[in-house]
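In structure tokens, the next block holds one chain alone, the form predicted on its own.
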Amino acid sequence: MAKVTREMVEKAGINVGELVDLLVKNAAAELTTYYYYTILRANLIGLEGEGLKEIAETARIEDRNHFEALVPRIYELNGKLPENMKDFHDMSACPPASLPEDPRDVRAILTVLVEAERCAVRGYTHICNLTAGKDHRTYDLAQAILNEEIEHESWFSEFLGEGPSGHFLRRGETSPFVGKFLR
């Protein structure tokens, strides 16, 4: 634990226990989303599904990266991850991104994907609002993750026909915003 780090965050007026709880719940959401996206991606087949696989894969890998980037901050603030994976899954900030009843329904899979991203956008916006001007490191991390989650939502919402986003799939690079936290 970074003792002075926690002290400074507390002195800034943040309830560190509440913040750590939010970070752990969002870390759970990232890891469980990585798992569920693996299943969703495997079921993106046929003419419609094949075009989405690369996008789903990028979002899947970046969600794993988000988990990896959150863990050090949790421990820096004297938090920890649950010892039981089932408990960790069940505390997720977002509901499971489960495979729809008809695994061949690409539109239903897209709806699951976009709703998972929208939940993440809400969660990281909340953390940014809580830490803005008070906990610079957590804010920077949450903002980096938020930027990637917004792009994920945009990619999937375009496929649902909700309109253009102006975002493009990344080629050869994952986690352009979060990468600095993974070094």
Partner chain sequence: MQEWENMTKKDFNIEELKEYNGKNGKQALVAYEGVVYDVTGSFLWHQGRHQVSHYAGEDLTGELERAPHGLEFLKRFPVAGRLKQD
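Positions refer to the first chain, counted from 1. This structure is a prediction, so every number in the text was calculated from the model and none was measured.
One more form of this protein exists, namely the form predicted in complex with its partner chain; it is left out here, but the text below deals with it.
Note that among 122 to 130, 40 to 48, 53 to 61, 149 to 157, the stretch whose heavy atoms approach its partner chain to within 4.5 Å in the predicted bound form is 122 to 130. Interface membership of L77, defined by any non-hydrogen atom within 4.5 Å of its partner chain in the predicted bound form, is ruled out. Contact between D21 and its partner chain in the predicted bound form is found at the 4.5 Å heavy atom cutoff. The closest non-hydrogen atom of A93 lies within 4.5 Å of its partner chain in the predicted bound form. The closest non-hydrogen atom of R170 lies beyond 4.5 Å of its partner chain in the predicted bound form.
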